[in-house]
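Before any questions on how it binds or moves, here is one chain, the form predicted on its own, in structure tokens.
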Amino acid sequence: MINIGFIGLGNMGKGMSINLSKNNYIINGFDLNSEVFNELKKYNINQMKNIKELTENSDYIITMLPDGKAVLKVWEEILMHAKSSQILVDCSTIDVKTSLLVQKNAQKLNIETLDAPVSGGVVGADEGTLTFMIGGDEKTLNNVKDLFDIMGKKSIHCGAYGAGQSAKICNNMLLASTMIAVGESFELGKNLGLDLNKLFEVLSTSSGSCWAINTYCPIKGIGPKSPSDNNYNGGFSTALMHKDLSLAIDAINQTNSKNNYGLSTFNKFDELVKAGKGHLDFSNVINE
């Protein structure tokens, strides 16, 4: 039976690892917050004492970490104990430069790697409906595709190493910008005296239809249940979206891309974080 090492068992990693365990994979987990195992143990997820123990007892290793600095540190430790037969997959959302660096370091040791950031949020992680944006060798992807099929509904091979991270940056910049536009559309509709439920019915089935309306509507009581119905608690935090937009701004500057809306969106989220709202779901941006 295949042993999967999973490092980073927070809101996203928890659901992903549970789904793998439910499909009869042996999961060896590690997280700096050992309390996560109070719940995970009932799903037969083994608590490893450290990264060394996890690496030595796993065939494949998945990392789901908060930023590039954490990925760099963890992968350096993994590579001290890794074997050439292993495959390393990073599902974190980080800058392309760091992603390429850690994968290059692994490949020097003849260890196969993939960058595979995700979209779909905590709900997608829990329900196994994530979309994976994958960069790396197609042969490597085929070797672990079963894992992606369990954790998500779709895995897209975006290109060579780093392409997954590039695609994720573009996706989240669009999502953040769209969320602002959705909020402004509902604000205009309210001021025009429209029934917002009727406006939702129009927008969700017309040319303005998008994920931010259909699945994650930022207006309380409108559409499917979302963080807006829980005072914007839970979901994907504003601080994490701000981090992802920071990566997009870095990429814009590095490539000399023209992206006025992206910059405006980043500034909006920057204001939210500075106002102490980083812990709230990113859809609370419509209230600014």
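Residues carry their position along the shown sequence, with the first being 1. As the structure is a computational prediction, the values presented were derived from the model and not from experiment.
One more form of this protein exists, namely the form predicted in complex with a small molecule; it is left out here, but the text below deals with it.
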Of these, 90-98, 201-209, 106-114, 138-146, which stretch puts a heavy atom within 4.5 angstroms of the small molecule in the predicted complex? 90-98
Candidate from Leu240, Ile26, Leu263, Ala251 lying within 4.5 Å of the small molecule in the predicted complex - any heavy atom: Leu240
Heavy atom within 4.5 Å of the small molecule in the predicted complex - the one residue of Met48, Ile219, Leu245, Leu65 that qualifies: Leu65
Spell out, yes or no, whether the shortest heavy atom distance between Leu9 and the small molecule in the predicted complex is within 4.5 Å. yes
Does Gly121 reach the small molecule in the predicted complex if we count a contact as any heavy atom within 4.5 Å? yes
Could you confirm whether Asn38 comes within 4.5 Å of the small molecule in the predicted complex, counting heavy atoms only? no
Close approach of Leu196 to the small molecule in the predicted complex, 4.5 Å, heavy atom: no
For the spot marked by Asn33, Ala70 and Gly235, is every residue within 4.5 Å of the small molecule in the predicted complex through some heavy atom? yes
